[in-house]
Ligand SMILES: CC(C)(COP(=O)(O)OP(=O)(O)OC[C@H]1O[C@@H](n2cnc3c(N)ncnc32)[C@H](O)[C@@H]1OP(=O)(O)O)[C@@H](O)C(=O)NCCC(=O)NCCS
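The data below hold one chain only, encoded as structure tokens and taken in the form predicted alone.
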Amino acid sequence: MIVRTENAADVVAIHDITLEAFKDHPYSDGTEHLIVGRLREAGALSLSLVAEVEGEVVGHIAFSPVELSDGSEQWFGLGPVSVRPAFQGQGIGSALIRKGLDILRDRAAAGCVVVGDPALYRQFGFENDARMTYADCAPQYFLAQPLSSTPASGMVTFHAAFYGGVDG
């Protein structure tokens, strides 16, 4: 498996993988593939990685900027992360998450947030942090990982692409 930065030739595969990965998912509203497209269109895909197996793109992860009400900068949101269903359970999603977080650290990011299964994301260093909140989900599913020693707190807002817009 190879994890690399996306290129223009990957866009259709990323769309298809994301659509497939979230189809019939119990916690999905079915818009994840649209979110990735809107982030790309808005120039807000801060980091977009794909996983290749034998030359086929089988996984994708997106990181985009988030805003914190305390004015903290260099925080990013993880997601969506998608793996083609036939390749799920083989560590591809984990490899994408680890590589993405490593790159964010190398870029001196302050931190990363994610909305998702706490049991999954805790294994990558994410924790619930009462100092940070996200209005659109139950607090137990909103997790953060500081990547620097600079403290942050407040309400987190994901890029407008997550809500159907492309401004911001």
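This structure is a prediction, so every number in the text was calculated from the model and none was measured. Quick note: we count residues from 1 along the sequence shown, nothing fancier.
What follows is about the form predicted in complex with this ligand, which we do not show.
Each of Val83, Gly91 and Leu120 comes within 4.5 Å of this ligand in the predicted bound form, counting any heavy atom. Partner contacts here mean any heavy atom within 4.5 Å of this ligand in the predicted bound form, and among 130-138, 33-41, 63-71, 109-117 they occur only in 109-117. With the partner omitted here, the residue from Leu147, Ala152, Ile14, Ala21 that has a non-hydrogen atom within 4.5 angstroms of this ligand in the predicted bound form is Ala21.
Within 4.5 angstroms of this ligand in the predicted bound form, the stretch 1-20 places no non-hydrogen atom at all.
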